[in-house]
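One chain follows as structure tokens, the form predicted alone.
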């Protein structure tokens, strides 16, 4: 399990339940490494501001991560983390590598109609 204050998705069924239950979802699939930590921090800092979005992390090396890893949107990714934004259960944006809070905010505002 990742050492973050985000909600963790440890099983594929938990991920599917999250997508079924929440309209707007951001999942960061990564490790506790230098490229991933800034994305977790951005999510932590923005989650109270974006009450219309559910924020989750997922361990890249866990078996449940295969769902994210096998998404067509992530097929060409080579760096961590894989960050995927879902609306209505469908992936609408996927990014890889480090992201700043400003970059995350831009995607949240564009894809999920702001706060």
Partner chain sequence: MDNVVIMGTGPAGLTAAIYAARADLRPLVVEGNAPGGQLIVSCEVENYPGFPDAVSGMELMGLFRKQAERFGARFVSGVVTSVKALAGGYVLTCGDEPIETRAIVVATGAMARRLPIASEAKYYGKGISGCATCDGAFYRNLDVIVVGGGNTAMEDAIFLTRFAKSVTIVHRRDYLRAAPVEVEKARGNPKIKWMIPRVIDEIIGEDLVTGVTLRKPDTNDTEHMDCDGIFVAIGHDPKTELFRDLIDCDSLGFVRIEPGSTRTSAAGVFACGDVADPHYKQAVIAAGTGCMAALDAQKYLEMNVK
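Residue numbers count along the first chain shown, from 1. A quick note: this is a predicted structure, and the numbers were derived from the prediction, not measured.
One more form of this protein, predicted together with its partner chain, exists but is not displayed; see below.
Exercise. Verify the contact flag for residue 78: yes if a non-hydrogen atom of it lies within 4.5 Å of a non-hydrogen atom of its partner chain in the predicted complex, no if not.
Key: Residue 78: yes, in contact with its partner chain in the predicted complex.
Self-check item: Partner contact for residue 60 in the predicted complex: its partner chain, 4.5 angstroms, heavy atom
Solution: Looking in the predicted complex, residue contacts with its partner chain include residue 60, since a heavy atom lies within 4.5 Å.
Quiz item: If you check in the predicted complex, is residue 18 within 4.5 Å of its partner chain, heavy atoms only?
Solution: Residue 18: no contact with its partner chain in the predicted complex.
Self-check item: Non-hydrogen atom contact residue 96 with its partner chain in the predicted complex at 4.5 angstroms
Solution: Yes - in the predicted complex, heavy atoms of residue 96 and its partner chain come within 4.5 Å of each other.
Quiz item: Quick one: in the predicted complex, does every one of 32, 44 and 82 get a heavy atom within 4.5 Å of its partner chain?
Solution: Spot residues vs its partner chain: full contact, yes.
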